[in-house]
Each structure stands twice: as structure tokens, then as C-alpha cells.
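Next comes just one chain, in C-alpha cells: the form predicted on its own.
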């Protein structure tokens, strides 16, 4: 078994090949992946789609992966990487995604407002920007 075996066992879960592979695949990719993308990256024999979805749901409930909604039909997934997070910019025209770590990510004012207004203690966030990539702007006449 791989490096995630101990973590899964400490959480009271079996370290199956599928769970290990999903975590490995997500760690190796800087962009969040759809369940289909994850399944395609599995070595043979590939699990069925239902197994991938079940394992993603379990890993999400354990806090090892998080789902990211990028205004697409399906959700994408990324590892939580011990609390670090990435931000994304998504082209609305072609769907191209770029992922980045912000040089400065201070949302403490917004988090304090959320706590004050709604009573939530924010422990994490996901931030997506949407726009038009350079290629789509060129195709659209330089907008």
C-alpha cells in the first residue's frame, strides 16, 4: 500500500487500492478533476464509475478531498493537502481552467462578517474567478 494507508487506517477506514489511487491521482494534478478524468487516469484494471463515485464521497466525508463546483454539469475534486488551498480562474467560453496559489489571500474581513452575520466559523474556502481566456478573446475580436 502507498503513503495514504496510515492516514486512512487512522480514520478507521480500509486503505483500498481505489482510495489510494484516487488520492495519488489528485495529488499529481494541479487542477481539480472530474470523476471521469480520475477513472481515465487509473491503471488497469480500471474500477467502474460507481466505485470511483463511492470512494470520492467517502474521501470527501473524511476531509481528504474536496469537491469544487465550477459551473459545470459535474463536480471536480482536488486533495485538501493539509489545509492549503488553490484558487482558480475559468474561461466561460471554452472551459479552460488555470489554478494558482494567491500571493496574498487575506479574506479575514469577509470571514469575520460571515461569523458576525451567520454564526459560522469559516475553516476553509474555495475561490473561483470567471472570465474569457486570451485565446477566446482573440477569437471574439479582442473583447
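Numbering follows the first chain given and starts at 1. What you are looking at is a predicted structure, and each value in this text was computed from that prediction instead of being measured.
Keep in mind the form predicted in complex with the DNA is missing from the figure; the text below concerns it.
- The stretch that touches the DNA in the predicted complex, counting heavy atoms within 4.5 Å, is 48 to 56, out of 87 to 95, 24 to 32, 107 to 115, 48 to 56.
- Shown alone here, residue 16 lies within 4.5 Å of the DNA in the predicted complex, counting heavy atoms only.
- Using a 4.5 angstroms threshold between heavy atoms, residue 9 counts as touching the DNA in the predicted complex.
- The closest non-hydrogen atom of residue 75 lies within 4.5 Å of the DNA in the predicted complex.
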